[in-house]
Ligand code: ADP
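Coming up is one lone chain in structure tokens, specifically the form predicted alone.
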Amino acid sequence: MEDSVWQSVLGEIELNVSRASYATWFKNTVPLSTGANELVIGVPNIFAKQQLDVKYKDLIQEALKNSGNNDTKIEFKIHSIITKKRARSSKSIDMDSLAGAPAPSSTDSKSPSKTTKLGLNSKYSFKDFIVGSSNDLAYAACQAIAQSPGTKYNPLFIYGGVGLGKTHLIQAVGNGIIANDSSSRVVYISSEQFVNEFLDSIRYKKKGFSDKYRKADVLIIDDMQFIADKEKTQEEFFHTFNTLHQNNKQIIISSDKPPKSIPTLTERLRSRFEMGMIVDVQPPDFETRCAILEVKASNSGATLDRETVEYLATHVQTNIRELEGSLNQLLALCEMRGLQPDIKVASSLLSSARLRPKHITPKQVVERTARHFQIEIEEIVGPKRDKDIVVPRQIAMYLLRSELHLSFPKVARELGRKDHTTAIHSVEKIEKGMSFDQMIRQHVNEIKERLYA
């Protein structure tokens, strides 16, 4: 009985949450038992339990009511049956089958084991990637590609700031494809390495450069922005792209900017990048940061109480690498000194770390904003009202308000304005833009990263 009740609940929930959220939190649950007005659901780990308890409890209760179980209480328990069920289901494509396990050796002439997954690091998997509102669309697109490469979202172009998990995600796709089909030729390379190999092939007349990439089933290029000002390399990649795309081979690209914002990128490459799916990865929200910390701590054999997790997540906001670095410092310090990793130790550690310096000045905010948009400081504080000046000015006002908490009159004066209502309008406009405009969010986050670097 409990199975039919839970399946009914899952059917409704699947219609009300994103595909990535459903796959992450609901897909690997099983009903364990039912009693008088009680349903016990098995989950694979502590974080899944917390997410379902805290974030999705109301949605689940509503689904129970809609299925005629008005007074049913639900409880989530971590249970080993989930692991057993996953093992039995290894033939199907789920999160574990996409986990990026090393490809088994094969005698198939198409794919010698040493070239099947060139450049991939098997530690990057979907299983270890924390999904949140900042990256769920990119995650869902990558999972779809891992199940059926070359048939949709081709090319896939993922962009976002430093340390947000782009490399993890695109390598997880490659590992997932290998896990599903060990005969696939998956090549991962950074654009810098692509450039160097191309130059070596010309300088030393090395053969095989083009075949290495054009005979791949999946080509994954990381940090595409570094290829932008290299004309000959762009031409070579253009022909590689065409060859692969015409043969329905999957192409995945990452960059710190969307194609239209990469300077000196040739128009024909830009148009090809834009013919597929373009998706951004944003800095993780508070909930996702907490999830990352709990999972990473668990993987290290440590347990953090909720107060410590929330403290770390509050003090490191824009960069996942920095977040993991703070956690590693905390765990290392506690191990060396025989301490328990708690909020007291965390606050002591972070107060001495260079996370968000207090000496950032209004002048530095204005200078960094002007430099980001490649305009003169005199222009951003001057009277011009051209769009390419007004938007940077409004972003500078927003940062002065949100990061330094200046009063509106003070914000206005820093940008050469007499009327503080201009600052109010500018801050409100950027706040609104942060909600729906990817480019505004990207500009703001990149400036903040460099301010606190």
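All residue numbers are counted from 1 along the displayed sequence. Because the structure is predicted, anything quoted here is derived from the model rather than measured.
Missing here is the form predicted together with this ligand; even so, the following discussion is about that form.
Contact annotation: this ligand lies within 4.5 Å of heavy atoms from the stretch 320-328 in the predicted complex, the single such stretch among 233-241, 263-271, 341-349, 320-328. The candidate spot formed by Y124, F129 and K166 lies fully in contact with this ligand in the predicted complex, as each residue has a heavy atom within 4.5 Å of it. When contacts are judged by a 4.5 Å heavy atom cut-off, K152 does not count as touching this ligand in the predicted complex. This ligand is not shown here, and in the predicted complex it never comes within 4.5 Å of any heavy atom of H315. In the predicted complex, this ligand lies within 4.5 Å of some heavy atom of N135. When contacts are judged by a 4.5 Å heavy atom cut-off, K296 counts as touching this ligand in the predicted complex.
Residue in contact with this ligand in the predicted complex (any heavy atom within 4.5 Å), chosen from V162, A144, I375, L333: V162.
Among the residues I292, A216, A228, L120, the one placing a heavy atom within 4.5 Å of this ligand in the predicted complex is I292. In comparison with the shown form, the Cα-Cα distance of Q317 and E431 increases by at least 3 angstroms in the predicted complex. Whereas the shown form places them at one spacing, the Cα atoms of S435 and D222 lie at least 3 Å closer in the predicted complex.
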